[in-house]
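The data below hold one chain only, encoded as structure tokens and taken in the form predicted on its own.
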């Protein structure tokens, strides 16, 4: 799993990590039994304090998303209550809210924001299809 952190977002780094694990789980990129990177090497890679990574992992464990096995690492556990559609929608809603606030601050009109969103979604779909086609050809 690769984490992408935005230090300017105003959102704590550990919560960004928690959200990214949840998103990966909801999308199927992470599955039961998958391991997460070890705390120390991940902290070094991300250039954050080990306690930040430990706090993210602690939150994920508290929520029942991962389990820590002494000497072995942290693993995605069988979801007690899988990330239902409602949870995924709530996660996306938070992201959209942040974009709407940014658009407001940048004085982007509503219609221009919606057009840009549609264009970005279409561009993503084109990249995904091209990537799928490339993988199928290999």
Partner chain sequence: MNPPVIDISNLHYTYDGQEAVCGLNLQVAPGRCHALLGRNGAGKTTTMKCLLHLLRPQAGTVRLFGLDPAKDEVAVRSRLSYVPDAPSFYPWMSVRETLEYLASFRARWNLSRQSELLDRFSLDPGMKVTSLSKGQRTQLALIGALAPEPDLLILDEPTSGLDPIVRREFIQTVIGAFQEGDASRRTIFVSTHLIGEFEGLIDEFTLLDQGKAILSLDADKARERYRRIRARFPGSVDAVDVPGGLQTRRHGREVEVIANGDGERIIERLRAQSPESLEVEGLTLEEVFMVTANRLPKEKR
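Being a predicted model, the structure only gives us computed values, none of them experimental. Numbering follows the first chain given and starts at 1.
Beyond what is shown, the protein has a form predicted in complex with its partner chain; the following relates to that form.
Visitor: Whether residue 62 contacts its partner chain in the model of the complex should be assessed with a 4.5 Å heavy atom distance threshold; does it?
Guide: Residue-level check for residue 62: no, no contact with its partner chain.
Visitor: Please run the contact check for residue 13 against its partner chain in the model of the complex: heavy atoms, 4.5 angstroms, yes or no?
Guide: Yes, residue 13 lies within 4.5 Å of its partner chain in the model of the complex.
Visitor: Given that the partner is absent here, does residue 90 sit within 4.5 Å of its partner chain in the model of the complex, heavy atoms only?
Guide: So residue 90 does not count as contacting its partner chain.
Visitor: Whether residue 105 contacts its partner chain in the model of the complex should be assessed with a 4.5 Å heavy atom distance threshold; does it?
Guide: Residue-level check for residue 105: yes, a contact with its partner chain.
Visitor: Among 26-34, 92-100, 40-48, 63-71, mark the stretch whose residues have heavy atoms within 4.5 Å of its partner chain in the model of the complex.
Guide: Of the options given, it is 40-48.
Visitor: Are residue 64 and residue 98 closer or farther apart at their Cα atoms in the model of the complex than shown, with the shift being 3 Å or more?
Guide: Their C-alpha distance shrinks by at least 3 Å in the model of the complex.
Visitor: Relative to what we see here, could you say if residue 7 and residue 104 have their Cα atoms closer or farther apart in the model of the complex, with a change of 3 Å or more?
Guide: Farther apart in the model of the complex, by 3 Å or more.
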